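Only one chain is shown below, in structure tokens, and it's the form predicted alone.
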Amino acid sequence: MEFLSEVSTVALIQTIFWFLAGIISFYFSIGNARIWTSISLGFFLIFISQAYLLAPWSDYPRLAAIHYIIGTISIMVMTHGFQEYYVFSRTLEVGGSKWLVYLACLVVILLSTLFVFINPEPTYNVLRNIRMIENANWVFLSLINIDMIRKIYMQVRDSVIANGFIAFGIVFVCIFLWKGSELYLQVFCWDNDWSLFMQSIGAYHNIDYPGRVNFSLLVNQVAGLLSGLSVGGTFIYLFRLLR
């Protein structure tokens, strides 16, 4: 498959975009109202979940598992943030503090890390299962967030930040395509992780539909790049509005 040789380069570019988007979103959460904290922190955690691709120790199975779990946590935190904002847009009330959000995320990540280390080292197949769970969560919750953003937009459409929520909607469409295309490949055992698993047991795996695989890989790479760019652009726009 011609796209497989480009995966490492695309992953590098994608991670750089998510690094920029993650730093911008985290800085945005520090400099703005508590209501944005969970949303911004969730986007920052996506960068953390992608960053292992650049690490020299990325082949360690437990480290890979931790990053996949952080990816799952990130979409959950983000979804909680948009639900919180929807309640705020209707009631103008929000509870808790920024540090409570940061601390809660840190505790969940530490407990997840402990869970990984007290269990047997993940095999290729186990890592693939964890990644499929992550992608399934992303696909489902991205659809939930698109609907939630639509509802928030209806509440704030006359405010100066209304266009920011349109941008967030575009972000989640890109994320849905990014994670959804990868999940599609995993469901049909066309993903690279499955190929590695088959190689580890000395089996041969034939791809019957190379056209569909190459198209899905292209969608995955392009949507991943666009999601990072759109997140960074959205937070820059909102930062300039709300600073």
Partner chain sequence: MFLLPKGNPLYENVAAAKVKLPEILDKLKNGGFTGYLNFLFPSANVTLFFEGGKLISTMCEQGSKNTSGFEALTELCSQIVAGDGSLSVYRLSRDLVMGLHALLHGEVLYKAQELKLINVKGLLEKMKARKLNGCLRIYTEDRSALIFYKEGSPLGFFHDGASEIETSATESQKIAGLPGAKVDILSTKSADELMHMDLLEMVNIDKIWETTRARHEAQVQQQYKEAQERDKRHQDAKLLELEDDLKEVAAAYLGKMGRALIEKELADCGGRIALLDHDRITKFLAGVERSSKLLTSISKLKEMTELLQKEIGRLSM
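Numbering follows the first chain given and starts at 1. The shown structure was predicted, so the numbers you read here are calculated from the model rather than taken from an experiment.
Another form exists, predicted together with the partner chain; not displayed. Remarks below refer to it.
Not one of Ile16, Phe19 and Ala51 comes within 4.5 Å of the partner chain in the model of the complex, counting any heavy atom. Proximity to the partner chain in the model of the complex, defined as a heavy atom within 4.5 Å, holds among Met198, Leu177, Ile35, Leu63 only for Ile35. Of the candidates Asn163, Ser89, Thr113, Asn137, Ser89 is the one whose heavy atoms come within 4.5 Å of the partner chain in the model of the complex; the others do not.
Only one segment in the set 102-110, 119-127, 71-79, 148-156 has any non-hydrogen atom within 4.5 angstroms of the partner chain in the model of the complex, and it is 148-156. Contact annotation for Phe172: none of its heavy atoms lies within 4.5 Å of the partner chain in the model of the complex. Contact check for Tyr85: a heavy atom falls within 4.5 Å of the partner chain in the model of the complex. Although the partner is absent here, Val94 lies within 4.5 Å of the partner chain in the model of the complex, judged by heavy atoms. Taking a 4.5 Å heavy atom cutoff to the partner chain in the model of the complex, the contacting residues in 224-243 are Leu241, Leu242, Arg243.
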